[in-house]
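Shown here is one chain on its own, the form predicted alone, set out as structure tokens.
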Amino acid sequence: MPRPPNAVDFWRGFALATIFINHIPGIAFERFTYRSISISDSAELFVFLAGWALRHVVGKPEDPTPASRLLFQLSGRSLTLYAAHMLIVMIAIAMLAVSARVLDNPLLLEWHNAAAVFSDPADTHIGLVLLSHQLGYFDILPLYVVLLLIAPLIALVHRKAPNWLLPLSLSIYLASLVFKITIPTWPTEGQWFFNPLCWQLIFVLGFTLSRERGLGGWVRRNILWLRLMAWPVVIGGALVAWKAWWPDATRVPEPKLLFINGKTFLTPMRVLHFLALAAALSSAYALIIKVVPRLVNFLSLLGRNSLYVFCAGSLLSLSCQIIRFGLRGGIVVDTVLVAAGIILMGTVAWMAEWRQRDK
């Protein structure tokens, strides 16, 4: 039997639904996702919850689970994610090729960094396999693969020196910001959209805050005060996003990445705003499940089957982009696409659980 609804699955499902909508640029409903009034967005939430869930897999520092078994389990999960990523990328490339033929528009072959796949297929396919070439909107799973590859190291530090985990992560993060260290792409010049050296911090924060001891325990003991301090940050972030009061990158001091808003490097203002948002809404789940239990059940269904749903959502969002392009969009088209996409994501999640129950 699937586990009952819980806060982690609910918020993970919420993140998946909003990522699906936000991956359809220009759609009318994009303005109703919290990204439009927030410095951070669903990507931070998704990665943070991945770190939170990892701690429950790893267990407590004194857990007797052999390290070799844990390494095997985490490596297997990373391999599964890699295979899933390669599958949806190949399908996405085929979808763009078919659309270009059907709509007689070769410009579709250039969408989302796909041009090199068709103009330089030999090197680009090597890059796709090595994760050094990534399609736009299909670049979060490579980050997740890397995070799970370092998960055994996180688990080892958690067991041997738990108080050092967050300082080590923060040191890597700050060094990446100060010296602008990133992961290059190949064969096209560029960098990973989600820099793993920076995004590992939000992953480790999720892991650390889920613990009953250390920082996680301190946060639980002081959560009321933290919520009161968080709300001004949340409201201030909403005003910044709504009014576009972003810092001028030409005027802030060096190192500039410490002061500007940047998603690739997960700059400090995004991290701080997300943590404030998490603190402010940490008690919201108890109210939401009382008011709209069916919505909680549905989003928890998505969250329990996050890999299947994420893969389906990625392909569905690309399908919606192509359909909007062909039909020129419009509120009616947008409404049908979003409704159909969310229903299909729910269907994929239900089928995944039905298959597990059947086994």
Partner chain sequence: MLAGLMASSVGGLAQDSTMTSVPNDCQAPGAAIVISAALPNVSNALRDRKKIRILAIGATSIARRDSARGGYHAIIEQFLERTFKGVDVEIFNRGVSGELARDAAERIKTEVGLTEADLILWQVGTPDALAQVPVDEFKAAVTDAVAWLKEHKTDVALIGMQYARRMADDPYYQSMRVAVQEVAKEQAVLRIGRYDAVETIQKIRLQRGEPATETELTEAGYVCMAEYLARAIAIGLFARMRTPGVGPSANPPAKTP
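Numbering follows the first chain given and starts at 1. This structure is a prediction, so every number in the text was calculated from the model and none was measured.
Here the subject shifts to the form predicted in complex with its partner chain, a form of this protein not shown in this document.
Discussion item. Checking a candidate spot here: are 55, 215 and 313 all in contact with its partner chain in the model of the complex (at least one heavy atom each within 4.5 Å)?
Written reply: Not a single listed residue reaches its partner chain in the model of the complex, so no.
*asked:* I need the one stretch from 301 to 309, 287 to 295, 41 to 49, 326 to 334 whose residues put non-hydrogen atoms within 4.5 angstroms of its partner chain in the model of the complex.
replied: Going through the listed ranges, the match is 326 to 334.
* Heavy atom within 4.5 Å of its partner chain in the model of the complex: which of 105, 171, 163, 80 fits that? Just give me the one. => Contact residue from the list: 105.
| Within 4.5 Å of its partner chain in the model of the complex, heavy atoms considered, which of 72, 246, 225, 179? | Looking at 72, 246, 225, 179 one by one, just 246 meets the 4.5 Å heavy-atom criterion.
- Query: Is residue 119 close enough to its partner chain in the model of the complex to count, meaning some heavy atom within 4.5 Å?
  - Reply: Yes, residue 119 is a contact residue.
Practice item. Determine whether any heavy atom of residue 159 comes within 4.5 Å of a heavy atom of its partner chain in the model of the complex, and answer yes or no. Key: Looking in the model of the complex, residue contacts with its partner chain do not include residue 159, since no heavy atom lies within 4.5 Å.
Does at least one non-hydrogen atom of residue 131 fall within 4.5 angstroms of its partner chain in the model of the complex?
Outside the cut-off, so no.
Indicate whether residue 211 is a 4.5 Å heavy atom neighbour of its partner chain in the model of the complex. Close contact is absent here: in the model of the complex, residue 211 is far from its partner chain, nothing within 4.5 Å, heavy atoms only.
ask   = Within 23 to 37, which residues come within 4.5 Å of its partner chain in the model of the complex, counting heavy atoms only?
value = Heavy-atom contacts within 4.5 Å come from 25, 26, 30, 31, 35.
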